[in-house]
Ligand SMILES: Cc1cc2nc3c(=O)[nH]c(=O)nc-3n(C[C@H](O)[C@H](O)[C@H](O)COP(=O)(O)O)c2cc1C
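One chain comes next, on its own, written as structure tokens: the form predicted alone.
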């Protein structure tokens, strides 16, 4: 499957084959591809909890207002943002570059995030958004399906995954094999309603 086909055939699947078990090799491949997703200043501020244990997936389904996708899917990925990634050993983000470049990035990170919780939160949301699309398209390329989800009780899910205080949950993605196709697309807006050349 090429990238265009993966984009066209990716759908938010609601019904998964609960008998399908994703292989450790496929999980590792997803992980390796996901961390190639872009982040501002290469700060890699996403953190992922991946869940394969059935009892934990069932707890997540309950926190997801009894939706079946987490318990029936093979893998649940909870995408979180580390709000303090910008200051946690920032030189490592550019370790393959010169000391001057490392210091420049370190100072730039501090200027943008040190006094702005809004910037830290916004960056976590952006970074996890990029990663989410990478996960879903990579899964599709591997012949798997996915369902992005934000319909859950935040505090319950945070407790299940033992969320650190300086992290936030952005969304979760269920990966597995569909047992039923997605419904027909609701209807895309025409290009002229969403694309504006040079300005609005």
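Numbering follows the first chain given and starts at 1. Since we're looking at a predicted model, the values are computed, not measured.
Same protein, other form: the form predicted in complex with the named molecule, not shown, and the subject of what follows.
Only one of 161-169, 25-33, 63-71, 42-50 has heavy atoms within 4.5 Å of the named molecule in the predicted complex; I'd like to know which. After filtering at 4.5 Å, what remains is 63-71.
Contact residue in the predicted complex, chosen from 147, 131, 139, 157 - any heavy atom within 4.5 Å of the named molecule: Only one listed residue qualifies here, and that residue is 147.
Is residue 178 part of the interface with the named molecule in the predicted complex - any heavy atom within 4.5 Å? Result no; residue 178 lies far from the named molecule in the predicted complex.
Within a 4.5 Å heavy atom cut-off, is residue 38 in contact with the named molecule in the predicted complex? Output for residue 38 is no: heavy atoms all beyond 4.5 Å of the named molecule.
Residues of stretch 1-30 in contact with the named molecule in the predicted complex (4.5 Å, non-hydrogen atom): The stretch 1-30, when checked against the named molecule in the predicted complex, contributes 10, 11, 12, 14 at the 4.5 Å heavy-atom cut-off.
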